[in-house]
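First, one chain by itself in structure tokens, the form predicted on its own.
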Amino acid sequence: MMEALRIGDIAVWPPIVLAPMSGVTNRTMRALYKPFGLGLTVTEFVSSNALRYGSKRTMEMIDQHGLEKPVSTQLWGDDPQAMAYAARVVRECGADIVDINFGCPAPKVTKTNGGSACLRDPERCEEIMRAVVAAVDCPVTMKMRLGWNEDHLVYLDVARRAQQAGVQALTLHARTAKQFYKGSADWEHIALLKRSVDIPVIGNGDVRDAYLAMRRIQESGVDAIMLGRATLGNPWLISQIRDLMQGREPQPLPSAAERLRFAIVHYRAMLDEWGEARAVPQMRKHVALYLKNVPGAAALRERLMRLDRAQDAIALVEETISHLESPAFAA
């Protein structure tokens, strides 16, 4: 049985962390996915500059239910003082942990030297980390990639700087910024990082199967695992990994009909919290993922993308469930 991940005085059990995902890991999704076995949830990553102006949208991104605690709020930016100010804001708003984003490769972030672009200047990374650690009374963590590109793998240098600055845990997504999500995450780098620092290391990248997750943990020696895209439409992966961590065989994945019933639960929760105008476009991508491996999924996704009313989208999912459970289909 695995031990809890300890970040400062916070015990994370199971040692499974939900990755921050823009436009995805809002408070609704975090609260829905937490009971599947997440030990720690992370907000959407937010701009330190946007927090300075207190925009409604940005404040919603860091909002919590309370159901999904402990919660880490992830910040991005390239100015140490702006990041320190943002850290104080999110701490006052209930963040249990403040996480620094040196990992996002998206152009909207890197064009202003945020996210993984910071890795081009390890000294700047250190200045940011020291400023954030000094600003708050809670643990500070950091997520990064291997480096900006293959010629500049700086993760070990940045990790050592993080440890010296008082950062209390590290997450490594084992690709470079320039790779985006192409190729494969190289877990040998994660294993090397774990051997090179004394603070906890969380591994991230290409974990789509529960048994693979456990193999990655055992081979690399990491203290926890972070799951992102693989959980979308399949939160049961989290439960399966938790089962293995507790020393028991994982429960089988649900049937397609059961997955789609949960998709409706997800849809209705989004409607209740965000209203139709915001819930419908967000739920298109979620329902499309819940439809994975359902017979005729491509055609169903195409129909779903054309629907602008929630009741029509839910009706389509209910119709699909009825078809999947009909005697004719079963035969």
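Keep in mind that this is a model prediction, so the values were computed, not measured. We number the residues from 1 along the sequence you see.
There is also a form predicted together with a small molecule; it is not shown, and the following applies to it.
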query	finding
Per-stretch contact check against the small molecule in the predicted complex, the hit in 188-196, 133-141, 220-228, 149-157 (non-hydrogen atom, 4.5 angstroms)	220-228
Residue 168: touches the small molecule in the predicted complex, heavy atom cutoff 4.5 angstroms	no
Residue 19: touches the small molecule in the predicted complex, heavy atom cutoff 4.5 angstroms	yes
Heavy atom of residue 205 within 4.5 Å of the small molecule in the predicted complex	yes
Interface membership of residue 101, the small molecule in the predicted complex, 4.5 Å heavy atom rule	yes
Whether 41, 68 and 242 all lie within 4.5 angstroms of the small molecule in the predicted complex by heavy atom	no
